[in-house]
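Shown below, as structure tokens, is a lone chain in the form predicted alone; questions about how it binds or moves come after it.
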Amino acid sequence: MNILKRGQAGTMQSSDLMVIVEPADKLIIEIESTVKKQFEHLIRARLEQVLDKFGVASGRISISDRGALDYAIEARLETALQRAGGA
């Protein structure tokens, strides 16, 4: 899947996250989180799992997390990807 335009999903509410995906020449993942020290590796692993599922090889993925659970991370990223280029 190619990211053709900017897409976003989510909110900045507690226990949610905002995901913004944009076209880029390589894969860039930026994570800002209230629980970054404890859970960045798990957030990154979930993001990479979803990106692999959709076959995304390049793009800028920006995450602003407020303690979202795995299912919310996956759902928000999938929605942002669909809005940015179609599934």
Partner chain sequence: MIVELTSGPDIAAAKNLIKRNGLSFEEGFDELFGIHESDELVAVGARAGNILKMLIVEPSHQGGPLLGEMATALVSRGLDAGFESLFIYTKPEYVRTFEALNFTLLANQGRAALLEYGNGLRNWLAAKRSLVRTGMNGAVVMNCNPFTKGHLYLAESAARQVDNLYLFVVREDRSLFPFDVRFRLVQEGVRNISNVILLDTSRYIVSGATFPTYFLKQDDPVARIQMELDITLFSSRIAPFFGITRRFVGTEPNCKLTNSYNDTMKRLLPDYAIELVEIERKEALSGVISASRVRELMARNELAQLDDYVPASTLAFLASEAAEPIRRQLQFDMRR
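From a predicted model like this one, the values you see are computed outputs, not experimental measurements. Numbering follows the first chain given and starts at 1.
Note that the form predicted in complex with its partner chain isn't included here; everything after this is about it.
Chemist: So, in the predicted complex, is Ala24 in contact with its partner chain at a 4.5 angstroms heavy atom limit?
Modeler: No, Ala24 sits far enough from its partner chain in the predicted complex that none of its heavy atoms falls within 4.5 Å.
Chemist: Any of the heavy atoms of Asp52 lying within 4.5 Å of its partner chain in the predicted complex?
Modeler: Judged by the heavy-atom cut-off of 4.5 Å, Asp52 is well away from its partner chain in the predicted complex.
Chemist: Just to confirm, Leu69 within 4.5 Å of its partner chain in the predicted complex by heavy atoms?
Modeler: Looking in the predicted complex, residue contacts with its partner chain do not include Leu69, since no heavy atom lies within 4.5 Å.
Chemist: At the 4.5 Å heavy atom threshold, is Ile20 in contact with its partner chain in the predicted complex?
Modeler: The answer is yes: Ile20 has a heavy atom within 4.5 Å of its partner chain.
Chemist: In the predicted complex, do Lys37, Arg46 and Ser58 all put a heavy atom within 4.5 Å of its partner chain?
Modeler: So, no: the whole triplet misses its partner chain.
Chemist: For a quick check, can you give me the residues of 1-32 that have a heavy atom within 4.5 Å of its partner chain in the predicted complex?
Modeler: Heavy-atom contacts within 4.5 Å come from Arg6, Gln8, Gly10, Thr11, Met12, Gln13, Met18, Ile20, Glu30, Glu32.
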